[in-house]
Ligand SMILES: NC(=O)c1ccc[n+]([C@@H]2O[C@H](COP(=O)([O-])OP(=O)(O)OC[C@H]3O[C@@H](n4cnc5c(N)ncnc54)[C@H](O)[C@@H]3O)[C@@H](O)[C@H]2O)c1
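The form predicted on its own is given below as one chain in structure tokens.
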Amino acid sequence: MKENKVITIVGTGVIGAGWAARFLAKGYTVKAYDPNSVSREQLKINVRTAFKSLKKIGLNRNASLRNLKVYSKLPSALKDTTFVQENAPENEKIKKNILKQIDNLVDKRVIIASSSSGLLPSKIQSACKFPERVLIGHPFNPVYLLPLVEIVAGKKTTQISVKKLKKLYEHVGMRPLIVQKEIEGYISDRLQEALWREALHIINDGVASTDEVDDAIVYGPGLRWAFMGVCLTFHLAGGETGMKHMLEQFGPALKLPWTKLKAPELTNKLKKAMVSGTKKQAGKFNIKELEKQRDLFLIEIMKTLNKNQKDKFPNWNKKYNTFK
């Protein structure tokens, strides 16, 4: 993938700004479009903030904030583009409409990826003349730091498009995860949703506060998950025979009514508990200050992760990220 290619970001909210920063850091020219003037101005602020973190991990020699071009008209932003990352609101009707417009304005060989976090690609690509190049590229916030991106193909998406998108994402330091079967919510968000629902039940039932729920993850399984995920963690828990013993020993407990997969009703009482609890956790820090702390932590933990991933992924540093 050659440097200085033109990338178009459609929609400049938090996710769109994250994409813009990541591509800029890799030396690309980014043309960003948003119909909202306030969002366009906020984009510049968010990208400058992201660059403060990106400088700590290394920028491409061609990386420059001057390579960011912001537009109020979609056709201008799409002119001469080589790839489009769409970040419109998570609404099927809105997505289909904007994707149809993009599809009509760019060359049929240009890949169009949507940052949807749960919509089916087959549905949102249905209004396009060239649906074979339209698919999901679902990132995680902050996009400019976290390497995971889920790629989901629709029924009419070609494997050539999937391979091209995977190669592009790898070039900007991401760890593409190709979802083998089209499904709502994909993989990571479905896992997070299950944990989120259980957390709401625990708080709603008065078992724990928001900070206690977070501590239960941060100082326990979260530390293990950062290194080896869920399945490998349980494999280790099985002792010498690994997962085999784990399933034999603890499998029957899965039938016990410990967890509540159905989400609780968001009553005013529960909403108040969530808002007051997280506000107390944040303390004197505002959102921007918390984001800065988060980025510093992510950089350090990803450096540690990368050192330990070399045996598992020999080309990890070369292929998936810029952390040395």
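Quick note: we count residues from 1 along the sequence shown, nothing fancier. Keep in mind that what you see is a predicted model, and the values were worked out from it rather than measured.
Below: the form predicted in complex with the ligand, not depicted.
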query	finding
Interface residue in the model of the complex among V218, C231, V207, I94, criterion: non-hydrogen atom within 4.5 angstroms of the ligand	I94
Answer range among 151-159, 223-231, 175-183, 131-139 for contact with the ligand, defined in the model of the complex as heavy atoms within 4.5 Å	131-139
Heavy atom of N36 within 4.5 Å of the ligand in the model of the complex	yes
Contact label in the model of the complex: S122 to the ligand, heavy atom within 4.5 Å	no
Proximity of G251 to the ligand in the model of the complex, heavy atoms at 4.5 Å	no
Contact of A25 with the ligand in the model of the complex (heavy atom, 4.5 Å)	no
Residues in 106-130 with any heavy atom within 4.5 Å of the ligand in the model of the complex	S115, S116, S117
